[in-house]
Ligand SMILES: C[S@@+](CC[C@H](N)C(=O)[O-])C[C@H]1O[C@@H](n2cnc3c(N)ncnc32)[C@H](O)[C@@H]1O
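Next comes just one chain, in structure tokens: the form predicted alone.
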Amino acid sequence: MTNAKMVEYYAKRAAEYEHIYLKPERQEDLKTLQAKLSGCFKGLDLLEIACGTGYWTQFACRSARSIVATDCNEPVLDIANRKHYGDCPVSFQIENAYALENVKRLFSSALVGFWWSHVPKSKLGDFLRILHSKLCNGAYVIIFDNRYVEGSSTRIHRADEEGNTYQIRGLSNGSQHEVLKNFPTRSELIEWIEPLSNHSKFTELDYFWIAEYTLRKNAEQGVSF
């Protein structure tokens, strides 16, 4: 089950969801991510996980053939539905990322932006199994998230016995919320992804990391990055 407090936090944050993308020190990295997503889904049908307000959907739609974008929070999807996505057919669905029960067809690509860090370490295997069950043989997957950068990232408040880390975040209404936010190392990402992939690539920007791979369902299928 998706953490109820996390869902509540992001519902309350919906109207200010995209403020994080205004940090001046992150602009060059954000441009790199935007350019990447604008071109990497050419001819592919995309399943997006935790799409939020559709911020990254609006770049993915520039190359994807079609997009089904999912999130568990109706307030952020209301905002996403008000954006324009050009000629790309885009639909939004309320989904639990650990179930994806109403995703009924298979996709040739997947996008997971800023969600990995919110998955408890004990649930990563479950999340990946569900995601991969919705993908075709040799599907292209791109996952990206934050690196911890002192002075830019919200400081770590505590860690639990599993090694998950948490931040205290404030909203404009003055409320404070404890949010699960993990910062995996490159070796941790490789340990999870390489056994599942035909081909993988890991890129570290100053403020973000990017993992790309093709799903190992059919060993003869792959893609060059």
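Heads up: residue numbers just count along the shown sequence, starting at 1. Bear in mind that the values here come from a model prediction, so they are computed numbers and not experimental data.
Form predicted together with the ligand: not shown, discussed below.
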Exercise. According to a 4.5 angstroms non-hydrogen atom cut-off, is residue 118 in contact with the ligand in the predicted complex?
Worked result: yes
Exercise. Any of the heavy atoms of residue 114 lying within 4.5 Å of the ligand in the predicted complex?
Worked result: yes
Exercise. Is there a heavy atom of residue 135 no more than 4.5 Å from a heavy atom of the ligand in the predicted complex?
Worked result: no
Exercise. Can you check whether residue 17 is within 4.5 Å of the ligand in the predicted complex, heavy atom basis?
Worked result: yes
Exercise. From the list 128, 88, 97, 79, which entry has a heavy atom within 4.5 Å of the ligand in the predicted complex?
Worked result: 97
Seminar exercise, completed: Which of 135-143, 88-96, 148-156, 101-109 lies within 4.5 Å of the ligand in the predicted complex, heavy atoms considered? The stretch 88-96
Exercise. Which residues, if any, of 55-87 lie within 4.5 Å of the ligand in the predicted complex when only heavy atoms count?
Worked result: 55, 56, 71, 72, 73, 76
